[in-house]
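Okay, so here's just one chain, in structure tokens, the form predicted alone.
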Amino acid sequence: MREPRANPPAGPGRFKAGKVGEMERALSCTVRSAVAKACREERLPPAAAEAFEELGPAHLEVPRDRSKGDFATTAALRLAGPCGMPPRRIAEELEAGLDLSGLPVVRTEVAGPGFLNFHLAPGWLNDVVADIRRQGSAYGRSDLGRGVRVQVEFVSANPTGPLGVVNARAAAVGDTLASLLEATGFDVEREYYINDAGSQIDKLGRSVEARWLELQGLEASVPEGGYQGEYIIDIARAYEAERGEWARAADGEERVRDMARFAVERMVKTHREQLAEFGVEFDVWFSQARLMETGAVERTLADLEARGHTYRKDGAVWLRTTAFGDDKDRVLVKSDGEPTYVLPDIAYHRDKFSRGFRHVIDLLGPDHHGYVARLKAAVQALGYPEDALEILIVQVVRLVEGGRPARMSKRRGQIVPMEDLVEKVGRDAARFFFLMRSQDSHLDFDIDLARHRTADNPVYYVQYAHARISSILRQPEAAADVRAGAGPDELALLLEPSELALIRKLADLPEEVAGAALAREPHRLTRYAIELATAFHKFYDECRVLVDDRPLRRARLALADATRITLANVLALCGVSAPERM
């Protein structure tokens, strides 16, 4: 029997981390006790207690308008139906039964149609500053994943051409998602699948051969469906320099295979180098050709047949994927005995799970929407749980320059190369901008904005906040106080609205990291970084840090230092640098 899988929970709102999460759990317990008490005293019907348990932690929220409280419960609104009572009346009964002993709640109020709001003491989060400085680069991390093995496969571009901007977006998203999962306690492996087998590789070899023959002064043409672009000519020239003498004496088909192998090796090396320069390193580069050499494809077909999920029709072998939610069954082996592309992909995923991964995440390109259902169905046919495989689609990128679609070099074919964009805007800007929207949304990438060194550029704005703090902390009058830190009495002096708002934003990081990891939403990091930078700039504009009052100066320096640490941690998860000078 297969071991039950401890699947990473998914979806926002499932897990609350850090000080904010601790307070939410404490308040939730308090509300639960108030519901139970009201039921015992018959102020609420017995159905209220059962209905409340079904709500889970979702009844607590943070009001957008902080004047309405630090937290609010919607329990009364949710219980109105089961109780058959007006929600405001329920909220009043709950408020009457609250036991707030040991909690920093200064007052509660029933508001609107039935919200119960909690106002906390201003300094309830002050120890967050000391916690951040103590934890340093570990702040924001958790052990939620408890070491569950997760594989994230991303980019996996065909080695038949250069990496494009959509590959760059997939690289930024996949790498950041893997970092988020690592930060929440999962054992993560990054993998790149090299599609180095199949008809496209044969076409690559023949395309290189055509250009190589032209270099010999012979007439030749790229085959239909072959690969154009000057990069093919570059490969042909390199091949001539290294293998020309052998190739002129070789058999035609043997030469094509050798040229295909040479081209694949050259393209994969280029992809590796470009991704490394982009800050993306893979743990495994997995070859499709080697997978097929091991007999894994044949063993996978035999496994599916033994499980009773295949049948023969019109001379072909079909997989009954409709039994697992697909819209139609899929051909595994054509009538001529050749496997379709589906079968090697199933064999590849069978290999993934055989390596001990409990959860597999694939990031696929925008043209793979129709592939999701068939691959998930195939994984279930192999005996794995429905949610063992998770597929995310990374949508297209439109480059905009001067308010118009960008016209960049296309010497490498019909795509805009990744390296051209990164060279134009820089690695930090490229990664940050790719992460500013959900991967399943189309992205307009504003090249002009990404190059601006002004506050209008989001990545510059965030990095400048880090550099500004670093500059403050370098001041001679700050050094001793930064080293000394600030004790509880000094941190209690942080009572200005902008100080409290900044502390609250700092306290949100553990929950943001956990939420972004579990919901597969790396774009939440860039949003949080911008909000944190905004909170700091507002604090800096309204509160002089290097004041004469030494206890207050120490407190504000500690707050600035905690912000520096948090900004650096968020940027590190995004693969973006945190400069100390700009």
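All residue numbers are counted from 1 along the displayed sequence. All values derive from a computational prediction rather than experimental measurement.
Quick note: we don't show the form predicted together with the RNA, though the next part is all about it.
With a 4.5 Å cutoff on heavy atoms, L546 counts as touching the RNA in the predicted bound form.
Contact check for L163: every heavy atom lies farther than 4.5 Å from the RNA in the predicted bound form. The shortest heavy atom separation between N117 and the RNA in the predicted bound form is within 4.5 Å. For D440, a non-hydrogen atom is located within 4.5 Å of the RNA in the predicted bound form, even though that partner is not displayed.
Contact with the RNA, judged by heavy atoms within 4.5 Å in the predicted bound form, is confined among 456 to 464, 485 to 493, 100 to 108, 233 to 241 to 456 to 464. Interface residue among T322, S287, T270, S471, judged by heavy atoms within 4.5 Å of the RNA in the predicted bound form: S471. With the partner omitted here, the residue from A197, A377, L304, V188 that has a non-hydrogen atom within 4.5 angstroms of the RNA in the predicted bound form is A197.
No member of the trio G225, L506 and A572 reaches the RNA in the predicted bound form with any non-hydrogen atom inside 4.5 Å. Applying a 4.5 Å heavy atom cutoff to the RNA in the predicted bound form picks out Q475 as the lone residue from 475 to 491.
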